[in-house]
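As structure tokens, one chain now follows by itself in the form predicted alone.
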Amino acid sequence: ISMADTGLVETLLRRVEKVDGGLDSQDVATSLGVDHQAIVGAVKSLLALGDVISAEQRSSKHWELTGEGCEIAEQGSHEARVVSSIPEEGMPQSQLMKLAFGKVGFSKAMSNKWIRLDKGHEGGPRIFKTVEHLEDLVRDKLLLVQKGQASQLEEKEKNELKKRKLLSEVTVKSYWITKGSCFSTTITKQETELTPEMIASGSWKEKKFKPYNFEALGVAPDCGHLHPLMKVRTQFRQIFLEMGFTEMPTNNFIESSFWNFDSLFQPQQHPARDQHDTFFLSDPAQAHEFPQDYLERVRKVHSEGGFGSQGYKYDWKIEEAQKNILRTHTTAVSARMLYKLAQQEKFTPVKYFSIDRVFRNETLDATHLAEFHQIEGVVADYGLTLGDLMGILHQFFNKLGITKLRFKPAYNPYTEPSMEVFSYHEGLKKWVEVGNSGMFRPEMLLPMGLPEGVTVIAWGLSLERPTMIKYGINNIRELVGHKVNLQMVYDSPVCRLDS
């Protein structure tokens, strides 16, 4: 208890001592001329000391004058003021209405029959008073309430004044204070610690100890927190690893157009290669190291065709392929890995996956950012079919807790056939797109040097969309970027994908 409160606390204790029953904190505040909150503070301090006093909270209602009510108690009701402002010879109605209390006062005075209106008067409607002396009952009632004698008024009268917004009913919370089992007018501070000195001297026997609060919460230890995206990413990695996939090295955000587009059999005049969709680097603007024989085969399949394809029939330029960009998809990494696989002495079947960041020159909105994370899976083996792809997708999404899947034919420059993957969203009660998939085209695989019968199936999806669905976030900007509320990161639960 601070020094300022001590005096008040002791005064309160002396008051409680003098009475037989108990005291109301509101009455104590009024008689001491202090703010009621100060008494409440003193009561709470005493309650913290144990059973010095006992206090039960009560709530009582009482009537108070509103601002307008106070004004009327001082100057009289609107209707009385209207009557007193009308001279013997009457007053034009228009002039009366200009007065602050005119409008309300006029209608009330008319219903009290204190004034009359002569509509046919030659100078326009004119008001005359019909009484000389009047009793301003409204003011009298308000004065009673002001003096604390509201009980003399009937409920109906109080409610009428409340309707006119002159009175308001206020609920006051106060304490009924009585003596406790350890009541005393002097306060001894309770001990919180048992010290070695107390034990040695035996003084602990005389001391009062504050009871332990076993309900109190401990201080939360400071620790780092994983962002929801990272939690979901860990789950996706786990799923791929369980399915026997190997992670691809995706630690290069910068990629040449050759690996990002050309090696995937995406033509150089494709709109995705525009500045509208891709971020280009100004320094270094170009890449120079490419496997020359492979580069030549890629040039050929684009411009002349080959491997049973007629190509795109255009003049393929190395300058376009050399441009450095921020990779627009992790498929660029898959292309590098498949090329590396083709260089092996003997082909071995592989299952690769990656989860990493990609960049697109997008207009930002609630579901699109200029950078996002792409999840990609790639399987290469002899004789894989579309059925294998569907089977793997079913297994993959099952582990995510997504069981209802639909496939829809689609077009991608580097896969044929291609399928969009839709899942049924229980919350939205509709089918939503969850990913894209397909079989890499021979025009992409054969120039790399992969054997004839090898087919490669692949699929990709974004990491943000499942995370938003999982954590119930509607705006991607609340998940990624400078507007992220860190509290959301601290509070977000562990991600469990219901497999």
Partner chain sequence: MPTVSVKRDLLFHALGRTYTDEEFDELCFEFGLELDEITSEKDIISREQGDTKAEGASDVILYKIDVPANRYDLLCLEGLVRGLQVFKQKMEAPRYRRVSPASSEPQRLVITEETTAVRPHAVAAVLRNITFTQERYDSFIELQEKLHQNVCRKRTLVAIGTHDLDTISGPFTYTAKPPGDIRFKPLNQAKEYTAQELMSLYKTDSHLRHYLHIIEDEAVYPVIYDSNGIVLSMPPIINGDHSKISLNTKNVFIECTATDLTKAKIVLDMMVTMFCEYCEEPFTVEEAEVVYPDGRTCQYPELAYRKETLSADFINRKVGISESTEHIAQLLTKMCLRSEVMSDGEQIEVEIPPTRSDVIHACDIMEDAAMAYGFNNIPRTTPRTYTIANQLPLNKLSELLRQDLAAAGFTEALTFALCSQEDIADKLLKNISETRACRISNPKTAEFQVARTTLLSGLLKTVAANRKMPLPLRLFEISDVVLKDESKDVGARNNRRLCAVYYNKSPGFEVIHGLMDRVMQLLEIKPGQGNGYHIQAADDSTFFPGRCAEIFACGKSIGRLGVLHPDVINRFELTMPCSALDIDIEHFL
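All values reported here derive from a predicted model rather than from experimental measurement. Residue numbers count along the first chain shown, from 1.
Beyond what is shown, the protein has a form predicted together with its partner chain; the following relates to that form.
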property: Location of its partner chain contact in the model of the complex, chosen stretch of 174-182, 286-294, 120-128, 67-75 [non-hydrogen atom, 4.5 Å]; result: 286-294
property: Residue (of Pro409, Gly401, Gly148, Pro92) lying close to its partner chain in the model of the complex, criterion heavy atoms within 4.5 Å; result: Pro409
property: Contact assignment for its partner chain in the model of the complex, among Leu281, Met198, Ile86, Leu341, heavy atom within 4.5 Å; result: Leu281
property: Asn252 within 4.5 Å of its partner chain in the model of the complex, heavy atoms; result: yes
property: 4.5 Å heavy atom contact, Phe265 and its partner chain in the model of the complex; result: yes
property: Contact of Asp222 with its partner chain in the model of the complex (heavy atom, 4.5 Å); result: yes
property: Leu13 within 4.5 Å of its partner chain in the model of the complex, heavy atoms; result: no
property: Neighbours of its partner chain in the model of the complex among 301-318 [non-hydrogen atom within 4.5 angstroms]; result: Phe307, Gly308, Ser309, Gln310, Gly311, Tyr312, Lys313, Tyr314
